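Only one chain is shown below, in structure tokens, and it's the form predicted alone.
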Amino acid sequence: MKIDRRGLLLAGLLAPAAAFAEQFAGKYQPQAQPIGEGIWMVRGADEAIGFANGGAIANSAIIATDAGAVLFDPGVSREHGLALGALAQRLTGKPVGRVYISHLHPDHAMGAAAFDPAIIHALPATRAELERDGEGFSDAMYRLLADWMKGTAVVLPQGDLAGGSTQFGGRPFRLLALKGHSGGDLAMIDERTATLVTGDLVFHDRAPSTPHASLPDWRASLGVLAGLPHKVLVPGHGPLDRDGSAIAQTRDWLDWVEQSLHKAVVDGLDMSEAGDLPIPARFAALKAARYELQRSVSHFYPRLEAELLPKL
């Protein structure tokens, strides 16, 4: 049998996944942190998506209502969503009655596979982006996470949300239809506790990710969030924000990345050199800072070079 170079490469890629599958005994064990009356935060790992963490890196929120629990962001896989649903039932005494998806990224959205599509809601832009990119995300997650993803299919949310006041099970919420981290970013205020849940519009002590970012739109959304009275903030990644610092921290990082990469292009640095730029001391506490800087270089550098370098 003749094995070509492509076959050898594929064998090398698939062998680790096969080894993981043989020894796989992983189980999601999400933990809840009470943050107000009938509301809990579930922390994700402050890491990149990887097999060791099962992709459970995004924060979620669980809220008790008379009609069932509200789950804001259902996790990365069907098994993750099921674990979050079971946790919600233990905390509230009721099954999940409504799921909100903040945006398209798989660590926040693909756990929807655990729930009836009729109870899953998102902004119209988020549904459209999942229609466009969902299958590609699914392929990538299966390659990265192997058996963690078993049974996970792309489930599209009802793209029926708009900004404004709403209620579920007698509990009032204010929905915010924003964008910037992606083309559609849902945030929410639980009116009973003045808790602001932001999805990935806000990161806290963890460097922001930018694969679908529009920085002008993101800054505008941060301005909206900063103007909303709230007691605590549940970010998309990182610890609960009790002192109001996370919005400014997110803006500061985005501003620094944009300015630094602009200067790097003008100074003639290549992408590898830009990814090795020194990170300011004020960002020392941010998890995954080098990782996200290097990702942002790949997201922004080609466009910046096209805009800033002379045409030959």
Partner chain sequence: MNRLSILTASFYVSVQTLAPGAAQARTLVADPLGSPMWEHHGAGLFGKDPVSFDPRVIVRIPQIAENQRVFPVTIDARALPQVKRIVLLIDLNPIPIAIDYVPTGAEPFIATRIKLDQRTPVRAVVQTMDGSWHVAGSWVDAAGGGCSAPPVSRVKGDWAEHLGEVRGQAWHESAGETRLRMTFRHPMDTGLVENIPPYNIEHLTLHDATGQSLGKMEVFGSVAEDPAFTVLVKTAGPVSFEARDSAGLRFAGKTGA
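Quick caveat, the model's predicted, so the values are computed rather than measured. Residue numbers count along the first chain shown, from 1.
Below, we turn to the form predicted together with its partner chain, even though it does not appear here.
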- Task: Sort through 37, 270, 66, 252 and report the residue having a heavy atom within 4.5 Å of its partner chain in the predicted bound form.
- Result: 270
- Going by a heavy atom distance of 4.5 Å, is residue 45 a contact of its partner chain in the predicted bound form? no
- Query: With a 4.5 Å heavy atom cut-off, would you call residue 32 a contact of its partner chain in the predicted bound form?
  - Reply: no
- Query: Heavy atom to heavy atom, is residue 151 within 4.5 Å of its partner chain in the predicted bound form?
  - Reply: no
- Message: Taking its partner chain as it sits in the predicted bound form, is residue 285 near enough to touch it, meaning that at least one heavy atom pair lies within 4.5 angstroms?
- Response: no
- Choose from 55 to 63, 262 to 270, 244 to 252, 37 to 45 the stretch whose residues reach within 4.5 Å of its partner chain in the predicted bound form, heavy atoms counted. 262 to 270
- Task: Identify whether its partner chain in the predicted bound form is within 4.5 Å of every residue in the set 163, 193 and 231, based on non-hydrogen atoms.
- Result: no
- in the predicted bound form, which residues of 271 to 298 put a heavy atom within 4.5 Å of its partner chain? 271, 272, 273, 276, 290, 291, 294, 295, 298
